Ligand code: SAH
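The chain below stands alone and is given in structure tokens; this is the form predicted on its own.
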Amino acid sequence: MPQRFFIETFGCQMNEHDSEKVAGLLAHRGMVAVNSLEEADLFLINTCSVREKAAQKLYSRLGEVKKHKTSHPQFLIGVLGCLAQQEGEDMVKRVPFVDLVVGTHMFHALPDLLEEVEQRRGSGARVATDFLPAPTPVEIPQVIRQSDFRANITIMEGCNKQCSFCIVPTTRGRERNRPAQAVLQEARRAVDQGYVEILLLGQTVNSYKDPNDRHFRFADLLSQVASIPRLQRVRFTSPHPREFDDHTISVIGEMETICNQVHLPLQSGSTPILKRMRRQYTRERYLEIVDKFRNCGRPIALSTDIIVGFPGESDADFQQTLSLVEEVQFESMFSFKYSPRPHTAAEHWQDEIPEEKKTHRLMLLQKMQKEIQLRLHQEHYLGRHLEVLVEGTARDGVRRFGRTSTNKVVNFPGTDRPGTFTEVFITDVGPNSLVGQKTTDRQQNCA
């Protein structure tokens, strides 16, 4: 087996945590993580396939890495994750210099697969994209966390929703839930190791049900994790609006350890388009959920996802999206132009919206959202003292940056260690981040 490895990760927090698991597996077999592909014997790229641009980015990066392999024949290249699961053998045909393609259900077998690659050098790539019949996610105890203060913890994998635009059920499979006892043990262990924030992960995280007790659901797990002594913050992603019941919203409203920021993916403000997307809620039902969060007992900052240019989206449908965004006043947004993904229901629908119209709609939406964010920052954050969890050095290389409980990025002068808490007085705001001066420190040791 190779001795040194380097992993690059594209995509969501689930992908990032998968890379942490892979690093742990390889280190457990005696391999050493290095900081660049030039130092490595093995280069692994963990992929996303939710957007078309993610695939383009992967193949562009592989083209760059090929040059290194040409001058270092023993160098191995592996592709992991969702795009590997989606394309499998087709990927090898497109990039035949890749040595290993490993899908989302085969991470646990990576060390053994690498041994196979070594034994069969020159006889083609090893492709492992099997779906496991296991009813629960495979437990991988050897995790090398990239953060010293935030612990990512998987509680479930897969999705049963079958949204017409989404490839996740194909690449990740149907829902599989970890036993609550295993999740809680991992969370308590992380806190004992000094982690101050836990991020609970799942493709449809709030649909969680304990496989050993179907009455023990997401709200119960969230409440128990948030009750762990010495834990400062709990976040979760990515939820589905349909799965937010009154119990879950009540727990979020009552427990201050749970960050007062919730991601509530909208996708479209038009009920007919939501129906075509198979989102399982209407515009009216979505606004009811928003109203429940607005009245849950404390302020909750809402963020969202929106797709523009979905097949059949009329100008009137798009205006419905704009009006809903104006009504809700999201604190942040991820917005995208629709692009058809393979193995989805919408893949074969006529993509009726011209590219220039998609671009125009996206620009209008993003302009509106930028104005909303700036206004909210001015009204709700400017001139206030905020508790910030320090994450590292800001982009200017001088200041520190951290996040509030509402997930706002704050830049401020200081030398605080990542993983410590400090109080910052906000002196300036932009649409995407806040600027402040440190007022008091509350040191909190971290891992």
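Counting begins at 1, following the sequence as shown. None of these values were measured; they are calculated from a predicted model.
Keep in mind that the form predicted in complex with S-adenosyl-L-homocysteine is missing from the display, and what follows is about it.
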One stretch from 116-124, 181-189, 142-150, 162-170 that, in the predicted complex, holds residues within 4.5 Å of S-adenosyl-L-homocysteine by heavy atom: 162-170
Partner proximity in the predicted complex: R341 to S-adenosyl-L-homocysteine, non-hydrogen atom cutoff 4.5 Å: yes
Contact label in the predicted complex: K337 to S-adenosyl-L-homocysteine, heavy atom within 4.5 Å: yes
is_contact(V50, S-adenosyl-L-homocysteine) in the predicted complex, heavy atom dist at most 4.5 Å: yes
is_contact(I307, S-adenosyl-L-homocysteine) in the predicted complex, heavy atom dist at most 4.5 Å: yes
Heavy atom of each of M14, S238 and Q267 within 4.5 Å of S-adenosyl-L-homocysteine in the predicted complex: yes
In the predicted complex, the one of Q203, T104, T321, N177 near S-adenosyl-L-homocysteine [non-hydrogen atom within 4.5 angstroms]: Q203
